[in-house]
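Single chain ahead, by itself, as structure tokens, in the form predicted on its own.
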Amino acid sequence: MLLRLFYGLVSLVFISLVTFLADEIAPGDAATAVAGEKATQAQVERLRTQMGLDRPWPIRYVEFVGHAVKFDFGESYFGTKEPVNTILGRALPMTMTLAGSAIVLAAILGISLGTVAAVWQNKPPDRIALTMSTLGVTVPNFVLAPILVYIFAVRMDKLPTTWEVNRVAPDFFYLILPVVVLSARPAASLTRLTRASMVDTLSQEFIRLAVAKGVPPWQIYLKHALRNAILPVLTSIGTSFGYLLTGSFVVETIFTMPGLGHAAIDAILKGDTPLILASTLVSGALFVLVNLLVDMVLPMIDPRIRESQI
């Protein structure tokens, strides 16, 4: 576990370095963006000196890492120039609610449909589940979102189209469409993975032995087969969370939700370097933490993993 934690920290350093260099080599810089189009070259250079951008990038990167370790990401370059930590504290709960709800929905749908497909292999329930999973994988968020908005918000007038400051209904109704859109792809992937794992498990010798002993079918499927087939699915749930964090950037922008993804996209368009670096690093840290959590849960479910670690 300590080794995995070390690799996670190395990954965060790599993510921060790549993001920093991408911002460094991009056309223009923060001083140019802050100064505006009408600023003279002398004004831009003076502002660049004030912001410390005239120093070599390795020095600035080391300073950034040193401050990030203390959870100090500086101040935003635009608007009221409030601390980046304040922006993250305001935006992160929305993203966590969205991604957390989406991964729960994706897990429930994926495991349920995958189990049904495996139990009724090559029969109508299996074909329906595979068709749904194929659509979930192939249809991107930016296509699925307008379709659902048109059906449920425009035609049926049952759900709101976007997030509103002055909401006229409970937050639950504003989250339904974004959560469904965000969970579609991971739910489809989990369905296929659960089906494949269940089909393989149901062909094992211990399942045939349980059938010969007269164990009830529901107990065979849920207690014996699913418990053994769920391990690769749990691992995939951890990696799917990373997709949900990056996918939330698109979904939050489509539905104008005040989350980390929306703030990051806005920061990229403005060239707000402190917020870009902070949002990328926080997203990477959340991905690492979720995968560490999955690694801790797996030994609790499968004694074989626990024994191998000992």
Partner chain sequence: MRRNWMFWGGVVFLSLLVLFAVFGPYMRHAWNAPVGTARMGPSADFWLGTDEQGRDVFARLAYGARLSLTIGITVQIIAVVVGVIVGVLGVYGPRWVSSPLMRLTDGMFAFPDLLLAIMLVGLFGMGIKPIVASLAIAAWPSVARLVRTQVASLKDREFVVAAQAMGASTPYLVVKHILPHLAGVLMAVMMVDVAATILSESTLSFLGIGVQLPEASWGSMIQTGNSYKQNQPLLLLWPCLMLSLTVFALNFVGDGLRAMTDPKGSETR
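From a predicted model like this one, the values you see are computed outputs, not experimental measurements. Under this definition, the rigid core comprises the largest set of C-alpha atoms superposing within 1.5 Å between the forms. Residue numbers count along the first chain shown, from 1.
Another form exists, predicted in complex with its partner chain; not displayed. Remarks below refer to it.
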- Item | Close approach of residue 250 to its partner chain in the predicted bound form, 4.5 Å, heavy atom | yes
- Query: Does at least one non-hydrogen atom of residue 42 fall within 4.5 angstroms of its partner chain in the predicted bound form?
  - Reply: no
- Task: Answer for residue 138 alone: is it within 4.5 Å of its partner chain in the predicted bound form, judged on heavy atom distances?
- Result: yes
- Query: Any of the heavy atoms of residue 224 lying within 4.5 Å of its partner chain in the predicted bound form?
  - Reply: no
- Are all three of 146, 154 and 254 close to its partner chain in the predicted bound form, meaning a heavy atom of each within 4.5 Å? yes
- Item | Interface stretch in the predicted bound form with its partner chain - options 227 to 235, 73 to 81, 98 to 106, 130 to 138, non-hydrogen atom within 4.5 Å | 130 to 138
- Note on the structure: Contact with its partner chain in the predicted bound form, heavy atom within 4.5 Å, among 172, 206, 218, 150 goes to 150
- Task: Check each of 65, 268, 47, 33 and return the one that places a heavy atom within 4.5 angstroms of its partner chain in the predicted bound form.
- Result: 268
- Note that its partner chain is not shown here; using its position in the predicted bound form, name the residues of 6 to 31 with a heavy atom within 4.5 Å of it, in sequence order. 11, 14, 15, 18, 19, 22, 23, 25, 26, 27
- Quick one: core overlaid, is residue 68 moving 2 Å or more at the Cα between the shown form and the other one? no
- Task: Kindly check if the Cα atom of residue 291 is displaced 2 angstroms or more between the shown form and the other one relative to the superposed rigid core.
- Result: no
- Note on the structure: A change of 3 Å or more separates this form from the other: in the predicted bound form, the C-alpha atoms of residue 30 and residue 72 are closer
- Query: Looking in the predicted bound form, are the Cα atoms of residue 254 and residue 23 closer together or farther apart than here, the change being 3 Å or more?
  - Reply: farther
